[in-house]
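Two separate entries follow, structure 1 and structure 2, each one form of the same protein chain as structure tokens.
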Structure 1
Amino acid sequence: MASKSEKSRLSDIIGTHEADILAEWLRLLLASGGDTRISRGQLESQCREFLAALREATSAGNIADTMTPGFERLRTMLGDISRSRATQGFSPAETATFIFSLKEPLFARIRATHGKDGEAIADDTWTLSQLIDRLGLHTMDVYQRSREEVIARQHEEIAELSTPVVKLWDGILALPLIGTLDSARTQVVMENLLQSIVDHSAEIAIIDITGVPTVDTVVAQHLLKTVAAARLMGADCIVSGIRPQIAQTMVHLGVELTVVSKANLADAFAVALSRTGRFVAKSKAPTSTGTMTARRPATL
């Protein structure tokens, strides 16, 4: 544990040479090229506020424990900086450089202050080194948690975007799936599909798995859960996109979807139209451009 004299000594060194430390620290950060995503003015402001908080903490807090109330302002500031850099796309090394690059100008001022007093230089250097290391670990811990939150949020957004529900006709929806189905994604699929069934008063939902690379027992179970949920909402389901390779795999695994399935979306759509009492026919008369038009489906 640092003594009271060590605490006041470090605080005095920072206070006495604060302008020089700030200038040297800022020069090192700019030279590293890791802070180009923020303006020089913003970076200088962060450095100045950090030095003031560090001076305050080293004069009032227990240097050996950065979790004491005396370091609360410093921890909060580092947490804000780490979260900001995590969302701005800074790398771990670039984020860590902010705190660890402060060692060089501080050590230089310690040597200049104590002159030839090797013992005082060693004591203050060791104490300050431990302090900066603990603050650096706190910085990286907050950065890592912030990056994980960003990645998790992006994963959720991608999952939502990759499960669009398309209205094909009145009462007929299509849900094209791309990629592998897991438990988390199945939940998103269910929520999107069920909400769309309610919004469009759908009678039939076509789940197209053309973009699903493989269907095993796990994927089949996820599909069955989605079908069961849709049925509870009053909508029948048709699975389309069963390729030959997938059909063979399902037979070998003994997987049964227990739901109407078709090879492609067009066939599934035809079945859906038939179930809702509709059909599509070509127009007998060509248009002025020589192409054929689709006649409005007739209700049987």
Structure 2
Amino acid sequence: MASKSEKSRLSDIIGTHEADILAEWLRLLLASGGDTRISRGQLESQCREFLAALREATSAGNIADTMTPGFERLRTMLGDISRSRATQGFSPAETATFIFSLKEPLFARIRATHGKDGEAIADDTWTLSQLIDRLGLHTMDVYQRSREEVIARQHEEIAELSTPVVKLWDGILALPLIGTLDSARTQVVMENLLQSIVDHSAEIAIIDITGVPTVDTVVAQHLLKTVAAARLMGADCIVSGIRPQIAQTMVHLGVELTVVSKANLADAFAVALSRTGRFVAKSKAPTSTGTMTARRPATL
């Protein structure tokens, strides 16, 4: 345990040589890889504030325990720095360097202060080393948590981005699915589709799975349930783009898609148009790009 005198001694050393320590620390940080993601001015103010907070904490708090209220400000500050580094894309090593590179200038000051008093040097160095290590661990904790938050957020964004329900025509929706479907994603996708059916008063929804590499039993069940739920709401579903391998796998799994299915999205769209009393015809004078007209058949 650090004695009272040791505490104030560390605080005194930092206080007396604050400008020197700051200059040396900054030099080391910049030497370890001058970074464009953070400006020199910003880095300098971070270091200055941190050093001031460290001096305050070592004079007031219990050095052996960084969880005490005396370290509150220091921990918060370090957390903020670590979090912003994590979102800026700094590596764990780069982030940890901030706190660990403070050791060298501080140790140098301890040695200079105590001169030939080996015992005092060893004591202070040990105390300080432990303190910096604990703060380093805290940095990594926050870094890790921030990265996980980023990943979780991206996960959600991808789930939303990759499930767009598009309107093909009045009353006709399409859901082009791309990528692997897991149970959780399928559920989100399907709930979105059913809500879109209500929002657009859509009679027909086309679920296109051309971009889905594999379909397992669970996903197939979800598809079937969605089709059944859509029917209960008064809308029809057409599944399109089932790859040959998927069709085979599903038959082998004993899952039969008891739904209307079409080879591709275009065929499914044609069926949807015809079911809603429309057809596609070429206009009499084709333009260079070709015109597609959909209109209600004259007889009905």
Partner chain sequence: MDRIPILKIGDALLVTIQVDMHDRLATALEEDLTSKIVAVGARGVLIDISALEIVDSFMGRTLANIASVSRMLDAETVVVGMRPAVAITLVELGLELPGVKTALNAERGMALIQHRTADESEQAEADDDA
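Definition used throughout: the rigid core is the maximal C-alpha set that superposes within 1.5 Å between two forms. Residues are numbered by position in structure 1's sequence, first residue being 1. None of the values given here were measured: they were computed from a predicted structure.
### Message
Which number belongs to the form predicted on its own, 1 or 2?
### Response
Structure 1, which is the form predicted on its own, differs in this respect from structure 2.
### Exceeds or equals 2 Å, Cα of L175 between the two structures, core fit
Where the cores coincide, L175 shows only a C-alpha shift between the two structures that is less than 2 Å.
### Message
After superposing the rigid core, is the C-alpha displacement of K225 2 Å or more between the two structures?
### Response
K225 C-alpha, core-superposed: shift of 2 Å or more.
#### Entry: Rigid-core frame, C-alpha of P69, shift of 2 angstroms or more between the two structures
Shift at P69: below 2 Å after core fit.
### Message
After superposing on the rigid core, what is the C-alpha displacement of A235 between the two structures, in Å?
### Response
Residue shift at the C-alpha: 2.4 Å.
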